[in-house]
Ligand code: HEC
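Okay, here we've got a single chain as structure tokens, the form predicted alone, with questions on binding and movement later.
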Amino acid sequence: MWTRLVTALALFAATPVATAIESGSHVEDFEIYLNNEASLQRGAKYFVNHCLSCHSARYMRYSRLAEDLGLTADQVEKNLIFTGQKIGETMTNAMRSEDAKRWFGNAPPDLTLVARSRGVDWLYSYLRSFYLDPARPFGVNNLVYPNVNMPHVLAQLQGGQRPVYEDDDRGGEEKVIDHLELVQPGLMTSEEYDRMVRDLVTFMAYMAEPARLARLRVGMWVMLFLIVLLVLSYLLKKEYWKDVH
């Protein structure tokens, strides 16, 4: 009996986090597991190396990241901080908003809460849905967010994709993209790139609500306490009512 209860609690702690699904085509369902510490550590590395140069995460402190992800302050300072910041500072970048507006049209948004505002399904699909489009300023477009003003910063890893259109008889109407096809291989295979995006989005989901990790840990002990309390209450009830029955 107790083995089954402990197993059930372990499964409860590993339950994928519920995610908000933004309506729209080409958005895939995506599950994350915030208790996967290795995935979170890899995601932090990818975020710092590929996102933090343009975007910021000004509500997230390096010290909190180290504590939650099982890293030492020395590991964070050597491997995740490249801007001369201190371990107790927030994750900001050196790009000025005026320069960003001139280069991209708009300043890149802060990404601390993007996993909550957009949902992890949207993020995962978005990062996998860039395709070659010579008509766009940066030469790429996005299936999930059409005409987005952002270069494909992960193109070297993923490679280049081209759109494959649906077969239809609608004449002059705009063609509808059915799926994307890899035509320029990147440094990663498609499976490796998908795993990398999974780790990156998992970290961004953690970053949007760091307290969720603590709730998962505390939740298991609360459930164990309630189970023990239930057993003791039942035995106590039997003792009080044994003469009545």
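In this text, residue numbers run from 1 along the sequence as written. Everything numeric here is computed off the predicted structure, so don't read it as measured data.
Keep in mind the form predicted together with ligand HEC is missing from the figure; the text below concerns it.
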Segment that reaches ligand HEC in the model of the complex - one of 60-68, 44-52, 209-217, 176-184, heavy atoms within 4.5 Å = 44-52
Applying a 4.5 Å heavy atom distance criterion, does Gly139 contact ligand HEC in the model of the complex?
-> no
Is Arg118 one of the residues lying within 4.5 Å of ligand HEC in the model of the complex, judged by heavy atom distances?
-> yes
Hey, in the model of the complex, is Gly160 touching ligand HEC, heavy atoms inside 4.5 Å?
-> no
Does ligand HEC get within 4.5 angstroms of any non-hydrogen atom of Asn79 in the model of the complex?
-> no
Contact with ligand HEC in the model of the complex, heavy atom within 4.5 Å, among Ala94, Val153, Val164, Ala73 goes to Val153
Output the sequence-ordered list of residues from 175-212 with at least one heavy atom within 4.5 Å of ligand HEC in the model of the complex.
-> Leu200, Met204
